[in-house]
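In structure tokens, one chain follows: the form predicted on its own.
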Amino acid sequence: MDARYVLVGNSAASLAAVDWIRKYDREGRILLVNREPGPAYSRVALPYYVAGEMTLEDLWIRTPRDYEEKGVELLDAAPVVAVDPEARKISLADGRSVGYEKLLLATGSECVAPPVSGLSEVPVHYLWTLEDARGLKAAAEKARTGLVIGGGFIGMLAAEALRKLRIRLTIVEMAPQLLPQLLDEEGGKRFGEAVRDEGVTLELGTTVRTLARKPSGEIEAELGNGRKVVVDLVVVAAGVRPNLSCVTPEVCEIGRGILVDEFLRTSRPGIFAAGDVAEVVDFLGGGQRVLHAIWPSAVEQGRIAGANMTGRQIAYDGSLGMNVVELFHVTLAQIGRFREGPGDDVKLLGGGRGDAYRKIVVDRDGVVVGAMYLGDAHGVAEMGVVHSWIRRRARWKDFERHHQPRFTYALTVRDVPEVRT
């Protein structure tokens, strides 16, 4: 079995790559290899499925007919176990092999299991794949109490879903605040208060030391601070890492993920990488490489990788981290370098007072490099403006006068036509 284009993965990066391959090559055979069964689904919508706000049918973002119309052959439930860059072929778990001219590695990421004694001896749940979501949903229907290990982005999505099901929750986070990768100290404090207001118990600055099943069927967790928690349900959300299960250093150069150049090429001819697994340049510069496991970056990288697989030479200008989500009745948004460093200047819109927390970070050259928002859903629209300005490397002084009480897209477009890039 051979194809001109072989794509490993069936989510944002691969789907975007298909679209842009077909933009430039309408005839080349495309084979999409997926470790999970079935067509593509929305990973970001899984918490809404667990909470009962979406059905299984709502999750599908592709149907079998969609693949057919794009001329894509889907091999599902077919994990890739090895890549042979010399022979230009991949090996599947069922013994088959697939030859390629151009290969895209878009294998995504996988959950990390924390070092908790007894973790493998009790039933625990994750929330990363559709199978995970099905298992968590079924368990949640019978639970009254729950423990979430990890107060990061995935952990809070899981907690939000369980809160909607009226499950009494305890969240354990090793950092001194919730969402440490998304919020600064002030933001974490405000968000923590909102979570506590919903009756959730927070155990911050500690870890889960042990898990054990009691004769009643409940699970007892002993925390690093000595406290014990007994619950019906445990969710593990200790973070994710690039899925390198089929990629070794012999295949291509690896750092924390697969290293790619500005054209999303790996160190091996004919092999590209995109999405969560790709370690790419940071849009904010500094020679840094980043791993951003976010949907918009995966789509952007997939498009460029797909085009370049057909022979185009489109450069990727780097990944800009961004998250927008509503959790516990608070809308949160973060773009770029939201936590200031040496030489940075911080602008608190509205003086940092009131219900909304609106922060802009400006670097020593006056360029806007990051922003953060906590508040209601109405105020988050301005973050779209800020995102555009960061992408255009705009300077703070160009829109400074619009920040009281709130700048708008209309004002910035009307009054600041000259944007430095």
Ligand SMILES: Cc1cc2nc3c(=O)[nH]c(=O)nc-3n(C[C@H](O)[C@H](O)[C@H](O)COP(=O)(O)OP(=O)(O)OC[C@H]3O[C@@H](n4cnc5c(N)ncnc54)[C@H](O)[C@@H]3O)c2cc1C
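We number the residues from 1 along the sequence you see. All figures in this text were calculated on a predicted structure; none of them were measured in a lab.
In what follows, reference is made to the form predicted in complex with the named molecule, a form of this protein that is not presented.
**Student:** Here blocked means 3 or more ligand atoms within 2.4 Å of a backbone or C-beta atom once the named molecule is superposed in from its placement in the predicted complex. Does this form come out open or blocked?
**Tutor:** Output flag = open.
**Student:** State the residue from I294, V98, V116, V330 whose non-hydrogen atoms include one within 4.5 Å of the named molecule in the predicted complex.
**Tutor:** Of the listed residues, the single hit is I294.
**Student:** Which one of T310, T201, S245, T206 is close to the named molecule in the predicted complex, taking close to mean a heavy atom within 4.5 Å?
**Tutor:** That would be S245.
**Student:** Which single stretch, out of 121-129, 252-260, 221-229, 172-180, brings residue heavy atoms within 4.5 Å of the named molecule in the predicted complex?
**Tutor:** One stretch meets the cut-off, namely 121-129.
**Student:** Taking the named molecule as it sits in the predicted complex, is R43 near enough to touch it, meaning that at least one heavy atom pair lies within 4.5 angstroms?
**Tutor:** Judged by the heavy-atom cut-off of 4.5 Å, R43 is in contact with the named molecule in the predicted complex.
**Student:** With a 4.5 Å heavy atom cut-off, would you call G370 a contact of the named molecule in the predicted complex?
**Tutor:** Answer no; every heavy atom of G370 is more than 4.5 Å from the named molecule in the predicted complex.
**Student:** Although the partner isn't part of this model, could you tell me whether G285 comes within 4.5 Å of the named molecule in the predicted complex, counting any heavy atom of the residue?
**Tutor:** Heavy-atom contact with the named molecule at 4.5 Å: absent for G285.
**Student:** Applying a 4.5 Å heavy atom distance criterion, does A17 contact the named molecule in the predicted complex?
**Tutor:** No, A17 sits far enough from the named molecule in the predicted complex that none of its heavy atoms falls within 4.5 Å.
**Student:** Can all three of P79, S109 and I154 be found with a heavy atom no more than 4.5 Å from the named molecule in the predicted complex?
**Tutor:** Every listed residue reaches the named molecule in the predicted complex, so yes.
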